[in-house]
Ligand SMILES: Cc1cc2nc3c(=O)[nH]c(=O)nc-3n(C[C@H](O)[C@H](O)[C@H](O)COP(=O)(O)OP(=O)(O)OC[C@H]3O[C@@H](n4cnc5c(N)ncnc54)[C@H](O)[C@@H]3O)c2cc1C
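Presented as C-alpha cells, the chain that follows is alone, the form predicted alone.
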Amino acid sequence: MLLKNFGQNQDLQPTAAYTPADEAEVLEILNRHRGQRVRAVGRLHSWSEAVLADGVLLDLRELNTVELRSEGDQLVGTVGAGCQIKRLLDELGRQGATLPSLGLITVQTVAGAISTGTHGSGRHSMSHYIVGVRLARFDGNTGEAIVEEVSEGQALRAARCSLGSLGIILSVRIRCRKQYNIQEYLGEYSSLSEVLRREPSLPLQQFFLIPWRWSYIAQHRRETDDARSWHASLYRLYWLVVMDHGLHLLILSLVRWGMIRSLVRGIFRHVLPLFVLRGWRVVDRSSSMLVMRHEAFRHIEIELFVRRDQLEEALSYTRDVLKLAGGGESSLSSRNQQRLESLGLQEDLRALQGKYCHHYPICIRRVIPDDTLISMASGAGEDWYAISFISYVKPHRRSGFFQFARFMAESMSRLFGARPHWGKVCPLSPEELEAVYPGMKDFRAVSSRLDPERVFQNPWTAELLDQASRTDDDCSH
C-alpha cells in the first residue's frame, strides 16, 4: 500500500492499515500487532516526516464525536481524535460555541492539528487549550494495550503537542468559548513598524510581506461585540472568488506554465495590490473570519518561528535572501553578509543564487507562548511570529524550493533561534532541532515513560528522541 500526503512530498508505505470504528477496536488492533510500530494519521495535511508511517497505520476518522459541557465557568469540548476541525466548528456553532484559536484551514483532524502545534494569529496555538488527552498505549508491566487519561503535569504538556509519539490519541478535551464576532479590514504599509504599531488595538491581525513589492498588507482584526455586518456574506464571497481562488489561479498560471521571473516581479509589484480592497470594515463570526480556503490548491510550505525581538532583523534578512535567490541581487547587505560569514555559510548562499524565485505572499502571524513542551511557541517570554514561505510549483520542480527552505531553516535557526513548524517542511537535523527546542529533554522523559519500546514512533521521530537521549547523556558527564 502506498499513500501520499497533501503536498505529495511524503510517501507512506504501511505494512497494514485500519479504520477502527471505536476505542475497543483500537485496543484490539494494538494487541494484535504488539511489538510492531503503530502510527495514526489524520487527513495527511502535513509536509514533514512526522506524517510517515512504515508499520501499522490507523485512520481514526470514525472517532469523531463531539460533546460540549460546562465545567465551572469553562466550556470544555470532548472531541474524537479523527474529527475534522470544520465538523467540530459546526457542532459547536449549533450550541453557540467555538474554539478560542483557529488555524487557516479546517480540513485537519483535531488530533493532527494539536500534534503539530497548529495555530492562528494573536492567540496561543490550539495545543495550549487542551486540558486532557485520552491515549491508547501499552502497559509497561503486562504488555497489554490500555487507555490512559492524561490531564496534568508534564505528561499533559507533552501530550498537547506530541508528534504522535506518546500513544494513539483517541480523544481530547479542549477549552471552548461562546461564539464571538471579529471586525476585519485590510491595509497596506511600507514598513513593519507601521503594522506592529497597530497590534495593541488589533491583536488578532495577520499580515503579509509582498515579495518584489516589499510592502506589507495586513488583515487587521479585533474581537467585537458589534453585530454581524449586513454585507458580511458579500465580503466572504469576495474572499472566496477573488483571494482564495482568483489570486491563486493567477499564481498557478505563472509558476506551473513556464513563469518568467520579470513577469512574476511585475505581477507582485503592480497587479496583486489590485486584489486588495483596503479599508472595507466587516464584522462576521470568528469561525468564518479567521479561516481561509488554503487547501484549495496543492502547495508546499515551510514556516519558521522567531521571537518578537528578532522579527525585524529576520524579515530584513528574508528580503535579502529572496532577492539573491531570485536573481535580482548579487549579494546581501553588509550586515547580513557578516552574519553568514560568521556561520561559514557563504558557499551555501552562493549555491542558492538565482535558483529560486519566490512567488507567494509571506504570511506572518503572532502566536502567544504556549504551555507545552515542544510546540513552536512553547516556553515563557516574548511572543513568537510565524513566517511562512509557500510554493505552488509542481512536485517534480521543487528542488529550488527545497534548497531555499534548507538554507533558510539552517541559517535562521542559528542567527535568530528560529524554530521550524513540526507539520511543515522541517529540514533541520535532530541536532539542530534539539538546539532550538529546549523542552525536548522533558518531552523525551514523558515519551520514555509512556512508550518505552518506541512503538509509536516512525524513523524520523525516533531519531529526534534518540538525539535528545544522547544530549542528555552528554550533559550528565
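None of the values given here were measured: they were computed from a predicted structure. So that there is no doubt, residue numbering starts at 1 and follows the sequence shown.
There is another form of this protein, the form predicted in complex with this ligand, and it is not shown here; the text below is about that form.
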One residue of 168, 306, 364, 88 in contact with this ligand, assessed in the predicted bound form (non-hydrogen atom, 4.5 angstroms): 168
Contact residue in the predicted bound form, from 398, 323, 299, 220 (heavy atom within 4.5 Å of this ligand): 299
Contact stretch among 66-74, 412-420, 44-52, 426-434 - heavy atom within 4.5 Å of this ligand in the predicted bound form: 44-52
In the predicted bound form, residue 104 touching this ligand (heavy atom, 4.5 Å): yes
Touches this ligand in the predicted bound form: residue 127 (any heavy atom, 4.5 Å): no
Exercise: residue 295 in contact with this ligand in the predicted bound form, heavy atom 4.5 Å: yes
Contact flag, residue 39 vs this ligand in the predicted bound form, heavy atom cut 4.5 Å: yes
Members of 92-114 lying within 4.5 angstroms of this ligand, judged by heavy atom, in the predicted bound form: 103, 104, 105, 108, 109, 111, 112, 113
